[in-house]
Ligand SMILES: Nc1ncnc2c1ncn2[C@@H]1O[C@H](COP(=O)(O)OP(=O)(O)OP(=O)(O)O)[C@@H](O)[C@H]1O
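Below you'll find only one chain, the form predicted alone, shown as structure tokens.
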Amino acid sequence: MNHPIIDVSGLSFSYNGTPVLSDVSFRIHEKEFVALIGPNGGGKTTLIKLLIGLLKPRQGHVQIMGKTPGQVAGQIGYVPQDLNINKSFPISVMDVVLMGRLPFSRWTGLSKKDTAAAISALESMNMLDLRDRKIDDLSGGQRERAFIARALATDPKILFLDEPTANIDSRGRSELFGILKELNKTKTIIVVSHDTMVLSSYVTAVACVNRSVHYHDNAEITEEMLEMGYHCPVDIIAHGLPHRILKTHGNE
């Protein structure tokens, strides 16, 4: 069996003494497309930050490609949920993507190699024709793809995305997940999302996160998985576009 690209064992984390994640263990293998689902406040963003090394676990360990997250930082791409950028600042899409190359060029300045990497990243996100557009002039979906291109500019082996479709319409969501599916041919992808029925068409595994983590090596998002992750009854219904509705707690 292949060695896992991500290996989490006995992971626990607390904020100011309040447990957020407790005794979490799972493995992700190369070129998997993993959906992290679960309620708000369940620890999904915290888990991602632990996996990429922005936070340190209270107990347990995280290994990425057999090393600590800090040792392989250059092979990890990350797009956070809150992208703090001044939208009134006159910066182009190309400028945003080139920011992803700065760790490689801090002493020498941007090179032709950096520009070529940025162009390749934009092409992979179907954004090259918008390279000169101001970031503030883009739609929500286009802006998200520009920031994913920034994360791809280093050609990472693993791509982490935290709620990438939060401000995108249904058409944009489907388009984005279609692009991610293509990227998944060469990269491991971990995405936090509440679009569970859309995700089920693209992912290869599901992790239900709610203080603990239930990892399912299966592309199908079932009612049982959702109940494990949300700790409450869940209805999955479909009329036109599939979606889910959480039943009211305490009324069942």
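For clarity, every value in this text was computed on a predicted model and none was experimentally measured. Sequential numbering from 1, following the sequence displayed.
The protein also exists as the form predicted together with this ligand; that form is not presented, and the subsequent description refers to it.
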item	value
Stretch in contact, per heavy atom within 4.5 angstroms of this ligand in the predicted complex, of 22-30, 35-43, 61-69, 180-188	35-43
Of Ser92, Ser120, Gln81, Gln75, the one that lies within 4.5 Å of this ligand in the predicted complex (heavy atoms)	Gln81
His214: touches this ligand in the predicted complex, heavy atom cutoff 4.5 angstroms	no
Asp114: touches this ligand in the predicted complex, heavy atom cutoff 4.5 angstroms	no
Any residue of 137-164 that, in the predicted complex, places a heavy atom within 4.5 Å of this ligand	Glu163
